[in-house]
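Take a look at this single chain in structure tokens; it is the form predicted on its own.
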Amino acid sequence: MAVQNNAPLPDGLEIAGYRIVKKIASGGFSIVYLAYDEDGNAVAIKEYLPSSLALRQPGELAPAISPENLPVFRIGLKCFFEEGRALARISHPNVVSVLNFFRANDTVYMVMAYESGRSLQDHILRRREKGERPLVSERFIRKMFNQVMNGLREVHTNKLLHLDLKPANIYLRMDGTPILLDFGAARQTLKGDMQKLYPMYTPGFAPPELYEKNGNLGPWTDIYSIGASIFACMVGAPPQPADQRKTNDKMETYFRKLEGLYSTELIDVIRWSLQVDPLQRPQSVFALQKALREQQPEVKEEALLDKLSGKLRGLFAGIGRSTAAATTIQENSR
């Protein structure tokens, strides 16, 4: 992945009615700032600034773009702008809320609702540092990713693909509910238009078709990344990169190591999602979501508890021949 080598906008800058507070994130494609609107509401502003095409020095506002890079920069800018407009039409609790977008400094800015919390990646890393085992509970995975897929279904319904799903782009609010961030459609457009650009995907989370210039993209593309993100929750690292899997697939070894930590059903769902052949994966988010919901361990636990309760009732009935013991049981069961 390319790193951002451009200077961020200065703290305190007023731009289009917003006041920049500080840079909060950056990557090879963009810089994200915390800002306040005219009413004092906190917002996140994402600036289109692909580091492989544009260069901004400290103290400057507009980036310098060479004539040879300008056509591709403008293509990406147009895609970024159109993507912002499409996201602004989506209102879903598990998809980032786009409030506004504007042009300034020879580029485009997307204004989003600011949420307190942390990324799923930060959550995983903190638990890994503590040596938690399992790294993330199966119950958390099933519940949280069910909500992620609710948001992703809404995205797909609006004829959009995410194309960069990974734990760093799944944000957890303070109450634990997830939000999908940082869509990658504009990056994919750039990747297809110019060979010299850095890869606009994240190894391990990207399916094979994202490595190809004219890969067949669809819901199955995001589904691979969902499976990879769940795998990262279990292991603390992404799966083997898809290009390596084509020649020497080691994923089955990793799946076997997860046995005993997670249910067979969950491991099978991840195995299905991470098929190298797109046609062998779930073809819709609904299909994957349905599989994730079926045969949940909680159901088995409830059945086991019912069985244990039956045995306890039989035991208590035997003890119940003693009036004193029966009275104690009655008191304890209130």
Ligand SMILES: Nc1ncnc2c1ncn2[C@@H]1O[C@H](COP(=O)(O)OP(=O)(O)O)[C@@H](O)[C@H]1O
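If you're wondering where the values come from, they're calculated on a predicted model, not measured in any experiment. In case it trips you up, residue 1 is the first one in the sequence shown, and so on.
From this point on, the text means the form predicted in complex with this ligand, which you will not see here.
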query = Using heavy atoms and a 4.5 Å limit, would one call residue 46 a contact residue for this ligand in the predicted complex?
reply = yes
ask   = Heavy atoms within 4.5 Å of this ligand in the predicted complex: does residue 25 have any?
value = yes
request  = Give a yes/no on whether residue 54 approaches this ligand to within 4.5 Å in the predicted complex, heavy atoms considered.
outcome  = no
key: Close approach of residue 114 to this ligand in the predicted complex, 4.5 Å, heavy atom   = yes
query = Using a 4.5 Å heavy atom cut-off, which stretch among 227-235, 163-171, 149-157, 124-132 contacts this ligand in the predicted complex?
reply = 163-171
note = Checked 96, 99, 79, 217 for heavy atoms within 4.5 Å of this ligand in the predicted complex; positive is 96
query = From the list 119, 240, 177, 263, which entry has a heavy atom within 4.5 Å of this ligand in the predicted complex?
reply = 119
